[in-house]
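Here you get one chain, nothing else, as structure tokens; it is the form predicted on its own.
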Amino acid sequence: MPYSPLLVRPMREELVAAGFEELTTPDDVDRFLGQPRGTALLVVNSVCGCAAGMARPGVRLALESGPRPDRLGTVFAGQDLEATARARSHFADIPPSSPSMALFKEGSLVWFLPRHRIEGRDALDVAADLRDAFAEHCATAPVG
């Protein structure tokens, strides 16, 4: 059973307010990841404590300055079940975990942050990992 929409609304809004597009269907995911140009960050959001305390705050911090992906998208594990499954199919060799973050460049996966690299750390550590990935793979300004 998916989580209650009322329960996850604030968790969704936290990323939407940071500029993320919600991907709630497999078609949304295909359209978002099917764009072959530029960079795209896909966050697999979750209701767990490490999503609330580390993943979402970490990604928001990482986006505040410096290079950043051209596109930002998110699926919600435990609610958008089909969209999450489709997103995970784009990194099928990596065991499913949520929260997690995947960075794509020119349509190919170039960096992944699984739950075990989020859990037990703080938002600043997660932001530092993301900033390093953005510095390596993203242009200094979004393509738009």
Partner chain sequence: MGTFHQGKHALHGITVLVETETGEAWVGRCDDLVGGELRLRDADVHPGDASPSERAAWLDRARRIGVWPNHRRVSLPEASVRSLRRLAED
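Keep in mind the model is a prediction, meaning the values are calculated, not measured. Numbering follows the first chain given and starts at 1.
Absent from the display: the form predicted together with the partner chain. The rest refers to it.
Check: Can any non-hydrogen atom of residue 31 be found within 4.5 angstroms of the partner chain in the predicted bound form?
Finding: Residue 31: no, not in contact with the partner chain in the predicted bound form.
Item checked: is_contact(residue 68, the partner chain) in the predicted bound form, heavy atom dist at most 4.5 Å -> Outside the cut-off, so no.
Next item on the list: Look up in the predicted bound form whether residue 96 has a non-hydrogen atom within 4.5 angstroms of the partner chain, and give yes or no.
Entry: Yes, residue 96 sits close enough to the partner chain in the predicted bound form that at least one of its heavy atoms falls within 4.5 Å.
Notebook entry, point to check: Does the 4.5 Å heavy atom contact test between residue 48 and the partner chain in the predicted bound form come out positive?
Noted result: Yes, residue 48 sits close enough to the partner chain in the predicted bound form that at least one of its heavy atoms falls within 4.5 Å.
Item checked: Heavy atom of each of 3, 11 and 56 within 4.5 Å of the partner chain in the predicted bound form -> Looking in the predicted bound form, the three residues 3, 11 and 56 all sit within 4.5 Å of the partner chain (heavy atoms).
Check: Of 35-43, 87-95, 22-30, 74-82, which is the one stretch near the partner chain in the predicted bound form, taking non-hydrogen atoms within 4.5 angstroms as near?
Finding: Contact criterion met by 87-95 only.
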